[in-house]
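Read the single chain below, which is given as structure tokens and is the form predicted on its own.
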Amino acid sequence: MELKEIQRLEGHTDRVWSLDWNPATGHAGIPLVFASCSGDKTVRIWEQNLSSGLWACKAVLEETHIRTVRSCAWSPSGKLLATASFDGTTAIWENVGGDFECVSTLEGHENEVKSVCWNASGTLLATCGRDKSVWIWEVLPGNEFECVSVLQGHAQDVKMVKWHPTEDILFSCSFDNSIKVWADEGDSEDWGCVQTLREPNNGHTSTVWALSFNASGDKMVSCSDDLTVKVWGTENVGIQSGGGFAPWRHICTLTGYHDRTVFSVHWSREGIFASGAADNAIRLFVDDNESQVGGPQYKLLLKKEQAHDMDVNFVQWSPGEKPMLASASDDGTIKVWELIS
């Protein structure tokens, strides 16, 4: 197997923090599109040319955020883009005939917003920030957003929020070394923390930077400043909405693969998860069918040393028939990769 670099994309004038593939692209003749966001206060929209296969910047979203844009996320329909910024706001952009307009601005966090994520149905949006809080917003008609819950529970800066792929259960990870699981607790319509994954139950021993789910949603992978990648599992995903919560348990810890902070991890629909780290490298892991009892159930598929000239801040697999991997770096570039066997 080889991770082949397809293209190196330049344009941002500061570190690239994050990116997100538009889920409504990459099939039925619709060219793949992704958004990237940067310390240069802008968001760039990139589109693949169907005939040449090459990427070009189609739009630059600027003059809205006045500080670093830390996170970006497309709604499931691909029509709206949410961008979270160190200026304390989250902006909602709508694609109107190829032009992106800022149609709503969500305010409430005391300071830097670190992450934004839509739920699977596009009816809820979550944000988190340095103020240690997680906010849940309901998406109303006419591009209105109403805060329905402010979740306090983390003791430090919250680095990422991620909705479960099939259930309305929210996960957050933090500088306090923990992952928290939040659910709407039935009758009261109030959200609460239903589980915290941390030491001593095989949790991370330093900042948890990111997490990602497999396609079926019964496994989760997390990565940390403790240089490890951990895999977690749950039983009976489908019953969780029926009022019963199935707790998550530690499956295995992958250690020794990165020698600096692991900032990003993402699971592909094909079951390969990628990690990106401050050692400038990307690693790919896959299910290990021959694993020993009690040993890690995942093995290294390949490693790409010096994937970038500086820290790899973010990795994400694309939608579509033939998944590509995109990576974002402190070196100011984005790279698009293809996994070739």
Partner chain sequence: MVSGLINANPVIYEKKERRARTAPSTFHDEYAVEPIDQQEDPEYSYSLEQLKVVTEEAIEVDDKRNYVRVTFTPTVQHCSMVTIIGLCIHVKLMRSLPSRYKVDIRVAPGSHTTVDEVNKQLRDKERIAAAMENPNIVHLLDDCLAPSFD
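Numbering follows the first chain given and starts at 1. These numbers were taken from a predicted model, which means no experiment stands behind them.
Keep in mind that the form predicted together with the partner chain is missing from the display, and what follows is about it.
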Is Phe86 close enough to touch the partner chain in the model of the complex, meaning at least one heavy atom pair within 4.5 Å?
yes
Applying a 4.5 Å heavy atom distance criterion, does Ser206 contact the partner chain in the model of the complex?
yes
In the model of the complex, does Arg283 have a heavy atom within 4.5 Å of the partner chain?
no
Is there any non-hydrogen atom of Ala278 lying within 4.5 Å of the partner chain in the model of the complex?
yes
Just to be sure I understand the contacts: of His65, Arg44, Lys304, Arg70, which is the one whose heavy atoms reach within 4.5 angstroms of the partner chain in the model of the complex?
Arg70
Interface residue in the model of the complex among Asp184, Glu167, Asp225, Asp218, criterion: non-hydrogen atom within 4.5 angstroms of the partner chain
Asp225
4.5 Å heavy atom contact with the partner chain in the model of the complex for all of Asn22, Ser75 and Glu270
no
For the chain seen here without its partner, which of 154-162, 95-103, 247-255, 135-143 has a heavy atom within 4.5 Å of the partner chain in the model of the complex?
154-162
For the heavy atom contacts within 4.5 Å of the partner chain in the model of the complex, list the residues of 94-114 involved, in sequence order.
Glu112, Lys114
